[in-house]
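Below are two forms of the same protein chain, given as structure tokens: structure 1, then structure 2.
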Structure 1
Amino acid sequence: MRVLHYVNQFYAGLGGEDSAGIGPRMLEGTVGPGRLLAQLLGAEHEIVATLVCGDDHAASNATAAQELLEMARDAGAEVLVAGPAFGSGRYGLACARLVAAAQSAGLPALASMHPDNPGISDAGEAPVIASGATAREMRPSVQRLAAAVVKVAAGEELTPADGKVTPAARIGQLVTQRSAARAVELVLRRLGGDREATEVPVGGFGVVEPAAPIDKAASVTVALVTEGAVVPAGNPDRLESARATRWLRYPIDGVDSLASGEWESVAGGFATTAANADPNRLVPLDAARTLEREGTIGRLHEEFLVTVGNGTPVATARRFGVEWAAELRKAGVQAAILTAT
């Protein structure tokens, strides 16, 4: 079968963050992890070309996946493979969107990424094969991916045994003790020094590596972003007041202050009286504008980004964070102030 492989700019050898803005392109044959993948696929399947896109471009352009898919079709793809993206957010989003577009267009496609990758929810009907968390696990990740590609090429269904990521199953279980007794038991264990015992494991937040500092705010563009649900009065775009599924952007070029009556917060998790009396209490536009005028801030970004944090799942919030970072980097923004409620 004719296989096309998608990787980001880094794995294509085109550069790191400095090249994250490059648009969709196609390279002949295999590059980077594609070489190992080709070797493991054997003689029956050939990686005929490698699709590449910069992570920022892929994460912030709605049409990138479609453009890449057209390139794949032109190259006569019979199967499309993306990744492994490991835990990398933008790369994971790019892989997921591409395989989703391919699968829904009738081209068999699969992606590889870590099960905690925020991109995973964008893969639609396409299967995602679990990879390790980092590139240190390249070889076992590509081995598992290659085996899955062979199955897909043969028209077989993938199962969790192939490493396919599926929603966590809730399985009923009979226990001998009632909940009150179990709760007391847990309390006693806790008092005895056991910090781990639980019946409800809570997912972690992961580790965020701090970005390098900027040199001087006076020479860069700074963005204001918020999870405080600040929107134009009347909420014309219907931002949710809880459990956000999306984020919005509003232009503030030439606006000196967020006037009461023109802007409001639709957040459902706190009393918005104070914020609605002066929306600058949620997005500090008036103060930031003054500092821009005085030269302390080089330039304020022309729009602010907003969602609602109230009740929004961590996985969704992480995806928004990935998209915001790509969006802002593409616009040349070098620092962001996120006001959080």
Structure 2
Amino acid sequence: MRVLHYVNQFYAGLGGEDSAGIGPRMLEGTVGPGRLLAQLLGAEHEIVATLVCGDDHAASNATAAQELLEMARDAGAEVLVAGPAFGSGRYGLACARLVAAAQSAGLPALASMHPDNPGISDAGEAPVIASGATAREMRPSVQRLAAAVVKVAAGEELTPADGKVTPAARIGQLVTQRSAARAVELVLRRLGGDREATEVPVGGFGVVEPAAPIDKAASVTVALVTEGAVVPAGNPDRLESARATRWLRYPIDGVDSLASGEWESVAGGFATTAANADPNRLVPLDAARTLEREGTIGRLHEEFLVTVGNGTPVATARRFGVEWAAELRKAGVQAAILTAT
């Protein structure tokens, strides 16, 4: 069966953010993860071409999905496969829109992305197969996708056992007032000074009372902590780029500055070019040493603590905070500077 595979500009080898604006195009054969997908599909299903579009262009142009679909039709596609997009929002959105358009046009299609990818809701009736959160889980993600492609090609229905992502159940509720009446009532309550009333309560975020200000900063020990994923070059301890499960510590005793090339940020939620050019932008060690020499602070703690905030669940981040506080108190630290991206 003739398969068309969609990837973004990065996985097609056409560039990173500098190429995110390129328009739809088709490449012969397989590229990037498509090579592994082709191996797993075997001779019975051939990836005849690869569809590519820049993430920015695909996400911001409503016609991009239709253009890509026309290319797939012209190439004689019998199945359209998109991804894996992992947790990438723009890439996931492009994959979802493309398979939704294909499915609506009668062309079997499926996408692969992490269940938390914000693009999933745009996939419509097209199936989405769960991938890992990041490209570190490329092989198992593509293996799961390949098995699903074989089932779709055979006309079989995909189920959660195949990795199919199913939407959360929505439970209807009867109310006594129509939406217009409720909206007017809420506006009147706002005008009357009520800032709490809402039909969409946001929960899960606790309120933390700030600590009392420090009276004599010149006599205290200050620690640097960050969720900016700053680690030694090469990330030897393999800190996650998203959805952290742990935190790390690195010694800085006797170090006056974090040198470019020796330290880097591996965070997956922002462009790290500027941070990697000067890692002190995320962990202000150089400025802290100046304060220490001037006597503005007593001394700097001999190590900094680090994790990644990108996509990390609130419950996990709360646990990290408790653990950091315990570690710093045990070390005699009286104050901390927390940097975030």
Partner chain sequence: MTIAEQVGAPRIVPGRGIPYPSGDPSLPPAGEQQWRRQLVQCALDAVTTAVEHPTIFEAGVVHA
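None of the values given here were measured: they were computed from a predicted structure. Here, residue number means position along structure 1's sequence, counting from 1. For clarity, a rigid core is taken as the largest C-alpha set superposing within 1.5 Å between two forms.
- In this comparison, the chain shown as structure 2 is the form predicted alone.
- Relative to the superposed core, residue 116 undergoes a Cα shift smaller than 2 Å between structure 1 and structure 2.
- Residue displacement note: residue 179 has its CA displaced by at least 2 Å between structure 1 and structure 2 (rigid core superposed).
- In the core-superposed comparison between structure 1 and structure 2, residue 267 has its Cα shifted by at least 2 Å.
- The Cα position of residue 314 changes by 13.0 Å between structure 1 and structure 2 once both are aligned on the rigid core.
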